[in-house]
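Only one chain comes next, encoded as structure tokens, the form predicted alone.
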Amino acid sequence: MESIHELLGYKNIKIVQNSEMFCFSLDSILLADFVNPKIGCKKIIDLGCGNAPIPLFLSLKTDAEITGVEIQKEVFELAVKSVRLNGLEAQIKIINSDIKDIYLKTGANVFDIVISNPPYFKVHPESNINKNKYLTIARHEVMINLEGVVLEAKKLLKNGGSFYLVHRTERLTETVNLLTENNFGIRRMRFVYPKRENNALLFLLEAGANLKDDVKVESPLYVYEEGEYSQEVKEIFNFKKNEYH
């Protein structure tokens, strides 16, 4: 059933969800917070945008044109409703399309920023595939794999443009190797820990197209402290537009 929620604590930003189909994840919000649109940023694209939490969040951080790409028609429709509900049609455009070769529709080497919260899990014969097709496509590499996302980002980005993604730590080596093979330089990284006593579960990464590595590892991000969201996560949840500009 469809419902309308506030996008966490962001006043006046609403998002349309369907609990039986697709709801945005904390990972997407952490990634959107990690993205740093620089002065002069004109065009951003989110590959696999779901119901558009990242484009909606980024509307608080930048006036750049934002494109979201979502292959699942029903989820795409949720994203379109969310954009319309917030009156952001002039800034955010949602495309119902496969990520593969999306550059043929949007133009090659025209984006300042490419973002992706890709499916985390490879598909094996023994994979525990969710019976919900929407969650399966969001979580498992049934439509596109990590290499495909990196290759598309390379085609979309301007020289020196930034590629942002979030992924699970067990795939860090694979991610770095793919980026290196495609002439990306690692610029920033941040590890996300469920709690201080846990190992890191996720990493946030920024890479530059046709740039050399210049890696800055930022301070750890802890999601929970003392049984509730950490102060930093609470601040992300209550991000205000005037705090960024």
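Heads up: residue numbers just count along the shown sequence, starting at 1. Just so you know, these numbers come straight off a predicted model, no measurement behind them.
Missing here is the form predicted in complex with a further copy of the same chain; even so, the following discussion is about that form.
Only one segment in the set 26-34, 45-53, 58-66, 211-219 has residues whose heavy atoms sit within 4.5 Å of a further copy of the same chain in the predicted bound form; it is 211-219. a further copy of the same chain in the predicted bound form comes within 4.5 Å of no heavy atom belonging to D101. Mapping the unseen interface onto this chain, E89 falls outside it, with no heavy atom inside 4.5 Å of a further copy of the same chain in the predicted bound form. Although the partner is absent here, E225 lies within 4.5 Å of a further copy of the same chain in the predicted bound form, judged by heavy atoms. Taking non-hydrogen atoms only, K38 never approaches a further copy of the same chain to within 4.5 angstroms in the predicted bound form.
Taken together, N145, V150 and V166 are entirely out of contact with a further copy of the same chain in the predicted bound form: none brings a heavy atom within 4.5 Å. Taking a further copy of the same chain as positioned in the predicted bound form, the residues of 173-206 that bring a heavy atom within 4.5 Å of it are, in sequence order, T173, V176, N177, T180, I186, M189, F191, Y193, R196, E197, N198, N199, A200.
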